[in-house]
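The data below hold one chain only, encoded as structure tokens and taken in the form predicted on its own.
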Amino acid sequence: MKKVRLGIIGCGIAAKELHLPAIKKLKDKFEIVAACNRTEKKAKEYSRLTGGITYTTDCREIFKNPEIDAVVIAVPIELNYKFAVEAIKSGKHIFLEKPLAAKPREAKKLLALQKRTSSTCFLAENYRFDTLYLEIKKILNEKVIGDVYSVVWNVFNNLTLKDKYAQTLWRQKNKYPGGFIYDGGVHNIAVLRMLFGDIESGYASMKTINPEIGTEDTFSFLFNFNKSLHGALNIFFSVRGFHSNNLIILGTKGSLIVQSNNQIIIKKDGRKEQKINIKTDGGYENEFLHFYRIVKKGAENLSPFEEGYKDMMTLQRAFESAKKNRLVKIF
């Protein structure tokens, strides 16, 4: 079976450090044909990393190139809509980095366009394909800790201008609500929805502690999936002296704790705790493999734009709650 021939749009951190290693591991399934970046320096560097492929600063050359089957779009969030629209119009298959769009109205337009195209529209939410969270889902489905009644996810970190992500100007001067909370938190929402379904309602609060890294960097969200399951998500990006990333799931027969070292711990009263170490690349290889299977084998798309829409809108409505200081309905 022929390879999927890729055109890369956006040659920044995601394209170089997250996507490229996965694509190289799947070299029997993908071929990178050309790359585009708005600054020539990054496009040229990406070309060097990929063996001297054609590069350009004009994305139209990617969209009109008949040798390209699919485009990988990894651009600043506020540009997602623009490039996704052009990709759909060109008839290319689309691998679009999360979140789906910067604004709800843009996301709704993408959903409408997706319905009118035969091309694959894939939202690249790597956590949805991460072996860590897939294993957790398996454990929960097997009722190892019984019926889940609560979940708490605490993400405490300190992003400064020394961090490569914080150094990107489009993140410092974000043109979308939520700043780093939106950029990073959409991952957490995707996992929560994958494990437990849609969040029905919630109440959020937000703060800006370090304006150097953009707008809001501190976020607490209390939410309900349904009458029997509720949770809390805390994402703090300006924490001094303490770092943590723990997902705690409470069930009627035990508790499941996911630690930042990709270790799952199952605890039950009167029993020795069970530890499961998960090897993961963050889900990047799996998401590209799934994209290939959709394009070449007609597999079901497990991350269509609709899923990305629900992920982003959960946060957008949480931001609304924080702004208006009231409980909001999510879905």
Ligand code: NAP
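These numbers come from a predicted model, not from an experiment. One-based numbering along the sequence shown.
What comes next is about the form predicted in complex with the ligand, which is not displayed.
- Comment: the ligand is not present in this chain, but in the model of the complex one of Tyr81, Trp170, Phe196, Phe236 has a heavy atom within 4.5 Å of it, namely Trp170.
- The candidate stretches are 292-300, 35-43, 61-69, 266-274, and the one lying within 4.5 Å of the ligand in the model of the complex by heavy atoms is 35-43.
- Although the partner is absent here, Pro99 lies within 4.5 Å of the ligand in the model of the complex, judged by heavy atoms.
- A residue is said to contact a partner when one of its heavy atoms sits within 4.5 Å of a partner heavy atom; Val75 meets this definition for the ligand in the model of the complex.
- Put simply, Ala14 is close to the ligand in the model of the complex: some heavy atom of it is within 4.5 Å.
- When contacts are judged by a 4.5 Å heavy atom cut-off, Lys92 does not count as touching the ligand in the model of the complex.
- With contact defined as any non-hydrogen atom lying within 4.5 angstroms of the ligand in the model of the complex, the contacting residues in 174-191 are Asp183, His187, given in sequence order.
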